[in-house]
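Heads up, the chain below is alone and in the form predicted on its own; it's given as structure tokens.
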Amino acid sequence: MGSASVLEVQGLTKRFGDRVAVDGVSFRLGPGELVGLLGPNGAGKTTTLSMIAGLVRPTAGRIVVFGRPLDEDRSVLRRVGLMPEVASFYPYLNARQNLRVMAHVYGADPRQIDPLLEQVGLAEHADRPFRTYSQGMRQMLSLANALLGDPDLLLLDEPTNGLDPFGQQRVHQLLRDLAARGKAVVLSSHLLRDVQELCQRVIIIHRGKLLEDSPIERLLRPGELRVLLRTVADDRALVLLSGPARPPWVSAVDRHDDHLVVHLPSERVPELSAFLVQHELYLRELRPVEGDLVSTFVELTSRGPTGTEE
């Protein structure tokens, strides 16, 4: 990341009575970054986004947006677009009328409205009352609302929730285009495959604490590799690789359906092949298992914020 910073969150904490919703979270975001914000239900994601958007006052910590502390200069919020998890608009106004109201509130140019409705796929439904909209259409109107004023920082909470595959792909392409234009995007989602497809970096919060802040490639390609293995005698291979004679660099071996999955350092894969051949276990298949954000997320959050199993 370069020296320019769109967002800096420093020791962000929020308490609701005796409950600590967010506990000392810190991270930075630069121009053009598309970052996934992940965590189990109740982890503190929505509270974090609400504090950055100026809707909730932090108990402690600091939020700096475009180089200006939020508690000193709230005018920077004009450059921030928020899409909350639940869309809320005037039910008897249509999409165009609702956006006109919001443009007046934001001080945004109302001439943006029709192009935005076209961009999110609502142009042909722009004159229908909001109360008649499906869940997916409500999400798209909420996204258009977040884009009013052409913000430089977007905070999106479950933006593809309720969308059909065409709507999901439309949102994906829109977010890629925004990042390519230098917009910074924080994407909070339970659809981890969306995050895996879109984001270069992942921030994981668990029980209010920052658990991980890493490039997604590092999470999906850790030092240990999993390889899918099939031999001429898998039962014997399983006994050999899990017993006392197994090589010290094999950390684990599991059976899955009609193959074995072996955990080992990536540089040891040629030695695994040679080891099996020495024991007359000739290979029928040997290939790496692709990294998966879902399994990585479950593994990290099951350990808890302190790294211990819960």
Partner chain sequence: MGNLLAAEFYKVVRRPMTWIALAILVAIMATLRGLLIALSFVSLPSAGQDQAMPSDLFTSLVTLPGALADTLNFIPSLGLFALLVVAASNAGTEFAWGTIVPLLSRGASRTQLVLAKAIVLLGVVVTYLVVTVLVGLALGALASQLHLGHVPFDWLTDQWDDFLLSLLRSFWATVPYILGAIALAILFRSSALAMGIVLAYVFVEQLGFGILQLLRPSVEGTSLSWIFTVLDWTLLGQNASELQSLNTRAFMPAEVSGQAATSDLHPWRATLVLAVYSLVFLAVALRAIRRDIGTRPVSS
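Numbering follows the first chain given and starts at 1. Computed from a predicted structure; not experimentally measured.
Unshown form predicted together with its partner chain; subsequent notes refer to it.
S.K.: Using a 4.5 angstroms cut-off on non-hydrogen atoms, would Arg236 count as touching its partner chain in the predicted bound form?
M.R.: Arg236 lies outside the contact set for its partner chain.
S.K.: Is the gap between Gly121 and its partner chain in the predicted bound form 4.5 Å or less for some heavy atom pair?
M.R.: Taking the distances in the predicted bound form, the answer for Gly121 is no, it never comes within 4.5 Å of its partner chain.
S.K.: With heavy atoms only and a cut-off of 4.5 Å, decide whether Val101 touches its partner chain in the predicted bound form.
M.R.: Yes, Val101 sits close enough to its partner chain in the predicted bound form that at least one of its heavy atoms falls within 4.5 Å.
S.K.: Examine Pro91 and determine whether its closest non-hydrogen atom to its partner chain in the predicted bound form is within 4.5 angstroms.
M.R.: Flag for Pro91 set to yes.
S.K.: Name the stretch: of 198 to 206, 83 to 91, 175 to 183, 227 to 235, exactly one has residues whose heavy atoms fall within 4.5 Å of its partner chain in the predicted bound form.
M.R.: That would be stretch 83 to 91.
S.K.: At 4.5 Å by heavy atoms, is each residue in Phe16, Leu55 and Pro151 next to its partner chain in the predicted bound form?
M.R.: The answer is yes: all three residues contact the partner (heavy atom, 4.5 Å cut-off).
S.K.: Just to confirm, with a 4.5 Å cut-off on non-hydrogen atoms, which of Leu211, Met137, Val171, Ala146 contacts its partner chain in the predicted bound form?
M.R.: After the contact test, the surviving option is Ala146.
S.K.: For a quick check, can you give me the residues of 106 to 127 that have a heavy atom within 4.5 Å of its partner chain in the predicted bound form?
M.R.: Residues within 4.5 Å: Tyr106, Gly107.
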